[in-house]
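In the form predicted alone, a lone chain appears below as structure tokens.
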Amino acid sequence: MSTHYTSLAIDDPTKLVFGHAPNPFTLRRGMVLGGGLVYPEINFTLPPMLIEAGTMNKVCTEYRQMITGVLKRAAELESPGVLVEFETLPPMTEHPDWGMQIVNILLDAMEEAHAKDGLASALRMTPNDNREMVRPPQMRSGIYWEGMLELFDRSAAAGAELLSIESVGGKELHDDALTMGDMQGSIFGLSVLGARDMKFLWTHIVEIAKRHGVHAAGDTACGFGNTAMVLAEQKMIPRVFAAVVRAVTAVRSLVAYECGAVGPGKDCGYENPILKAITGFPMSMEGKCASCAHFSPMGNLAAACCDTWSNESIQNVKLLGGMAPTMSMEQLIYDCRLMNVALGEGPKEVLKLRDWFVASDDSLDPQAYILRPDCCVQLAQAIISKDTPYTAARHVGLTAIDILRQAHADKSLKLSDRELPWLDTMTDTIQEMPDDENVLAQQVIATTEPGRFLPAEYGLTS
């Protein structure tokens, strides 16, 4: 049974802040997400190396070193709690036994840190979505689907409290839409293919979470919105195009919550503040501390509405101060300390710090501007005003364009002369799209090279 949101949990932008969510929840060791503190969320990965049966001892040694180092530093800095995210690499999902070796290493270290130092922690399990490893992607069956579900199930049974994923449904067509600056293709990939896959996938994830008494946390449109962001940073596509894509990604990611996810939405989903306004659930965010994984134009603004603050991912390499994951843990803790001091001082101080985060970034890039709290509430309202993901995607796309156009007109946002025509181009494209998503689907099926995607894997008939 899915939920369709018809009202906003946060309709006042002054209430869309870091550390507070209308629907907080408590983890097993007492951490309250969205309940008045911002927690650091650490994510780490291997240095370049092979992952195969013969190297698994070395892989396990790397993860044991990483988790020991970050938890030790968190205890030394007296962090009130830590989220640990384990994003598997593809072989670890393909071979669930390998993934579970690392899950158990992480959970054992977290239990030991709790017993020794009183450090509260929880594990977010994020299996890599391997379904795109076969072409065309097989989304609803096969070894990659089965391995992913097995890893979700076994890790939840072992003690992982949060289940997340960076799902890839629709990406096989969306990647080309991005490189071509094709807004119709982007909306189709996100709100027709992506939304259908999300409903299928998250129905299964929510069922697993309920069976084990854990939390289905949330998805991220990283492979869509963050790919657009990176391409815009490289000047391969317009920044305004990437900004509008970001607004549309919220429609796709919302489906997880409609299926029963409760947050915190995954860190690399920069669309999360829009989802927080709709659902009221806590959200993770990443910004300046994620530069170890990728650049972004919103390093401070991203913290404005976060409930956990993440580094995205960092490799286990040696730097001058120590191992990189441990250093990243320290950076996150100090950022969270500042936000938590403001939370302790009261709502006025929270708003002041939040608005400073926003003001430092919002005028310099449309991708940042579109995620101002006031814009997020406006975009959230646009999404819930429509009945289907497809109609919501078109409406929020046009709303995002109007926001950017007005911001440029009142000189609150800098847009280059070569980007401005794209506002009209995108408007025309969205307005000319068919009202019926099935009509668009048949047009796409008829004009797409056979074998690029399998319509039946998305519940479509050709």
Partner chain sequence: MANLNALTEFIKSGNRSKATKLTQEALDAGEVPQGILDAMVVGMDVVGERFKCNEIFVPEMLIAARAMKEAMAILEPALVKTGYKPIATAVIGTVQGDLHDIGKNLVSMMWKGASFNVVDLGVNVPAEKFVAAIKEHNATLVGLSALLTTTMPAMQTVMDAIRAEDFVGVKVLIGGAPITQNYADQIGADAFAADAASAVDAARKLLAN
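These numbers come from a predicted model, not from an experiment. Residue numbers count along the first chain shown, from 1.
One more form of this protein, predicted together with the partner chain, exists but is not displayed; see below.
J.: If we take heavy atoms and a 4.5 Å cut-off, which stretch out of 392 to 400, 415 to 423, 432 to 440, 35 to 43 is in contact with the partner chain in the predicted bound form?
T.: Of the stretches listed, the one contacting the partner is 415 to 423.
J.: So, a 4.5 angstroms cut-off on heavy atom distances: do all three of Ile51, Leu231 and Lys235 pass it with respect to the partner chain in the predicted bound form?
T.: Affirmative, all three are within 4.5 Å.
J.: Work out which of Thr179, Asn340, Gln101, Gln184 lies within 4.5 Å of the partner chain in the predicted bound form, going by heavy atoms.
T.: The residue in contact is Thr179.
J.: So which of Lys352, Arg135, Lys318, Arg211 reaches within 4.5 angstroms of the partner chain in the predicted bound form, heavy atom to heavy atom?
T.: Flagged contact: Arg135.
J.: Hey, in the predicted bound form, is Asp175 touching the partner chain, heavy atoms inside 4.5 Å?
T.: Asp175: yes, in contact with the partner chain in the predicted bound form.
J.: Any chance Pro47 has a heavy atom within 4.5 Å of the partner chain in the predicted bound form?
T.: Taking the distances in the predicted bound form, the answer for Pro47 is yes, it comes within 4.5 Å of the partner chain.
J.: Closest heavy atom of Thr227 to the partner chain in the predicted bound form, within 4.5 Å or not?
T.: Yes.
J.: Give a yes or no for Met327: in the predicted bound form, does one of its heavy atoms lie within 4.5 Å of a heavy atom belonging to the partner chain?
T.: Output for Met327 is no: heavy atoms all beyond 4.5 Å of the partner chain.
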